[in-house]
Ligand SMILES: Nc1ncnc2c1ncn2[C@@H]1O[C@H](COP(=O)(O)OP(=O)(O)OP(=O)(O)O)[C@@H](O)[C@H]1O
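Heads up, the chain below is alone and in the form predicted on its own; it's given as structure tokens.
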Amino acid sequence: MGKISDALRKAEEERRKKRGDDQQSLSTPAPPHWWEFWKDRWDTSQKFRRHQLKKRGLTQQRYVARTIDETGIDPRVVSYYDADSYLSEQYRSLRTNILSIQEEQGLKCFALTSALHSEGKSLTALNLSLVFSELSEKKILLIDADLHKPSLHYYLNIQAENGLADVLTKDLPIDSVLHQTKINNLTFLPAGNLSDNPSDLLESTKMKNLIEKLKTEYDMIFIDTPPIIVLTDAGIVASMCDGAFLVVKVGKTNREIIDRAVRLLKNSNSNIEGTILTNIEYYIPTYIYKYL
């Protein structure tokens, strides 16, 4: 900031000299005395931040990694692009908790839903599936059961012609619609061609039998479903699974709506295993960050 001020001051002096206005004061107000102190602290902090990112082969970004590789996976899948980040570690912490549930109760299939749209349930399902796929001995299946507004195929950059809806309506063999993703140990079943009666499809005996069949072939299954308050589909699918997680966006969903979502899940005879919070912001002081 000092160099910029000096340059501006010199430019003003030269301009006034040319106008013959040498008698006027050529000084400009100095920045507040505290500015240089905090500027130096900020520069040091940012320099250290850039150094740490450079060591990891990353560039400085905000919130999510923005670099896209040849897979075309969406940059918001932070567990793929920034496996060492704090967010990725939170997904691994959730993985540990789910594994403890699995060992105690033998649960394998989980539905993820939210009360309303745009709470992060689809990205949560994807990131969670990805951190589970890191366990080499596990076969993970991710299913997009949002037959109204599917999004997982966009995040994974998979162009799927057929999917879950086609298996339920056209009797297609399940193996013909499964996609091996570019992530090791992670298989994906897209929503497929949307139908006019998705709730009836998901409530069918075929859907229930399909889930039971897939549970014998995969170690862990995560199913993304529509918001529970908006549509009944989530309750239908969750009742067929071993457990359900409610994704809640902090600062958006109020308590009354969350309570209603919980009641709807319970009324559908779903086993609610827990709540996953999204959009939590953490402040990490510089003197702590340098040890992370």
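Residue numbers run from 1 along the displayed sequence. None of these values were measured; they are calculated from a predicted model.
Keep in mind that the form predicted together with this ligand is missing from the display, and what follows is about it.
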Wondering, does His153 line up within 4.5 Å of this ligand in the predicted bound form on heavy atoms?
no
Is the gap between Tyr91 and this ligand in the predicted bound form 4.5 Å or less for some heavy atom pair?
yes
Is there a non-hydrogen atom of Ala191 within 4.5 angstroms of a non-hydrogen atom of this ligand in the predicted bound form?
no
With the partner left out here, check for me: in the predicted bound form, does some heavy atom of His179 sit within 4.5 Å of this ligand?
no
Which one, 212 to 220, 110 to 118, 135 to 143, 165 to 173, holds residues whose non-hydrogen atoms are within 4.5 Å of this ligand in the predicted bound form?
110 to 118
May I ask you to list the residues of 123 to 142 that have any heavy atom within 4.5 angstroms of this ligand in the predicted bound form, in sequence order?
Leu123
